[in-house]
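Here you get one chain, nothing else, as structure tokens; it is the form predicted on its own.
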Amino acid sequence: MINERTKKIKLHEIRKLFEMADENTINLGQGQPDFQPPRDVINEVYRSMLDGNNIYGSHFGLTELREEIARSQSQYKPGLTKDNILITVGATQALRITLEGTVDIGDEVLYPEPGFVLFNPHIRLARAKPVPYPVVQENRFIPRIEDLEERRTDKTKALIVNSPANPTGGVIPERTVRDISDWAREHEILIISDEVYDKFVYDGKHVSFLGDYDNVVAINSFSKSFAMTGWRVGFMVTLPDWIQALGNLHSYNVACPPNPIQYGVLYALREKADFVTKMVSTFEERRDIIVERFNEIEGFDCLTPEGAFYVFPSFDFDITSYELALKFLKEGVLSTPGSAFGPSGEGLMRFSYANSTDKIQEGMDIVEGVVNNLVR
């Protein structure tokens, strides 16, 4: 018998639209790079399998990989060691066990809206209360302290932040990161920081919430940075005592992260920084193209995103975002309605530029044609 908590978890609109698309649809809705991992990284996974690494590994993850991640993340918080790192089955599982392991029934968790589709259901599955805070186009989708404070109560246990952000492409600047950290410290609120798109910053640099405030769990993944979405390897960075406790929960959840895959990830971290640099440069070129195209279409207003690989334009047509997405899909372009990211996403649309320049231009021609018909 399915319990009521599970019955309330509905399939999000992104997945519904994906299932309506066919092989001829131009995909501007996908949340994954249109690249493949480097061939020698794939070969390293194969080599590790041939070497016998097809068995259970440590539930904390491969020691060498944890050490390599600690070295990399020490640019944000000096002195990190493997004991600060837990390897997870993607960032999704890291978020899930973080919430399960830190909040209790009746606690409130602040999360951004429009925001990533997993935040709200993961909070509810942890039996806490989701409390959305706004990230608005007028403020470049950056959180404001006054909005956080307005929603804070004596039950507020945690705050989820996401930078660079899905779906907005917003990047939280250094001053705001410091202000939010100070606010959280003052009220003893846990910060859960989703930093999956940290390598996809085009203007300036990524600023992590890891720093001098200890009550932070930073969540990350290799899915985007090395185009490994199907490999399902992520990680969290936090205090060693918390890693021990969340690691125990993690072990009962998945036993251990996939063992041979971790060797490929380790090789990529050590040898393939140039792959990430080139991929991000390609995405920046595509970003500029799609932003220009949207701002040439009457009725759309599109900010230039500073990170991730999405644009999140607003529109002023007399139609819902889901209805508009269906019109685009009918003509052969997959996009994502803003309403998929919470009620305040209505009136906006998410388009991914994780597709070739030619496909982006072809897709935008279709979008422009659909809009012209709407306006007429």
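Quick note: we count residues from 1 along the sequence shown, nothing fancier. Bear in mind the structure is a predicted one, so any value in this text is a computation, not a measurement.
Here the subject shifts to the form predicted in complex with a small molecule, a form of this protein not shown in this document.
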property: Which of 160 to 168, 147 to 155, 69 to 77, 288 to 296 lines the interface with the small molecule in the predicted bound form (heavy atom within 4.5 Å); result: 160 to 168
property: The small molecule contact in the predicted bound form: S225, any heavy atom under 4.5 Å; result: no
property: 4.5 Å heavy atom contact, T92 and the small molecule in the predicted bound form; result: yes
property: In the predicted bound form, T98 touching the small molecule (heavy atom, 4.5 Å); result: no
property: In the predicted bound form, S221 touching the small molecule (heavy atom, 4.5 Å); result: yes
property: Residue (of R178, K272, R232, K129) lying close to the small molecule in the predicted bound form, criterion heavy atoms within 4.5 Å; result: R232
property: Contact assignment for the small molecule in the predicted bound form, among Y267, F116, Y133, W242, heavy atom within 4.5 Å; result: F116
